[in-house]
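Shown below, as structure tokens, is a lone chain in the form predicted on its own; questions about how it binds or moves come after it.
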């Protein structure tokens, strides 16, 4: 199966030349380290940067240059810094071609829960609800199961929803799946992972058609 960097590498293959891409907190931030050769992509972080680069090397961090998750980042040549109002105008105005988010749960109809676990303190929902309400192309990067081995790909989310019927594709440590009206459609399986492994780890409806290829990362 994949680790977090493997998930990021696989999602990076979805990027297209000229796209503006918002990277959410967690696994999505790693995607900036794996831009395919030959394409130009502008990464946006909702706290106010367009032209976000890969993570800095140790000793080269700038504490004033951070992403939405408060991790230190780099800025590409020509990057711009702006306020949150401008950042969310980009998001709400649908100027972002792709949004990549982490999630605690995803339902097989495209619902996503990624902002709150009841009983735990949170600072707020952040920009997640704006992103899922405005974006037309959302990929979720997540682990397939939680620490107790329970599926996070469900028939129906149990946690408070961030958005409904908005996720288009899910990439986990086990598989790549499209969201369809009939459930999760299995497209690729992670190296060393069988279709049966994925079926056993998926609580939601899973569509398996023909031979499922092993993903290349």
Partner chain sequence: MNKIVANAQAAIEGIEDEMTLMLGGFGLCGIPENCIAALVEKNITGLTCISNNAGVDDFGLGLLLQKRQIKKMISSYVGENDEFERQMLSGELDVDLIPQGSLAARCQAGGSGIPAFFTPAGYGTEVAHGKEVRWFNGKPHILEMALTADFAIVKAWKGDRFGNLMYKGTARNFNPLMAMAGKITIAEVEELVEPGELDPNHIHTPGIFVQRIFQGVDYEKRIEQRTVRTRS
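Given the structure is predicted, the values throughout are model-derived calculations rather than measurements. Positions refer to the first chain, counted from 1.
What comes next is about the form predicted together with its partner chain, which is not displayed.
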query: Stretch in contact, per heavy atom within 4.5 angstroms of its partner chain in the model of the complex, of 171 to 179, 149 to 157, 186 to 194, 38 to 46; finding: 38 to 46
query: Touches its partner chain in the model of the complex: residue 96 (any heavy atom, 4.5 Å); finding: yes
query: Any non-hydrogen atom of residue 110 within 4.5 angstroms of its partner chain in the model of the complex; finding: no
query: Partner contact for residue 104 in the model of the complex: its partner chain, 4.5 angstroms, heavy atom; finding: no
query: Residue 29, heavy atom within 4.5 angstroms of its partner chain in the model of the complex; finding: no
query: All of 5, 15 and 34 within 4.5 Å of its partner chain in the model of the complex, heavy atom check; finding: no
query: Its partner chain in the model of the complex - contacting residues of 28 to 64, heavy atom within 4.5 Å; finding: 40, 41, 42, 46, 47, 48, 49, 50, 54, 55, 56, 57, 58, 60, 61, 62, 63, 64
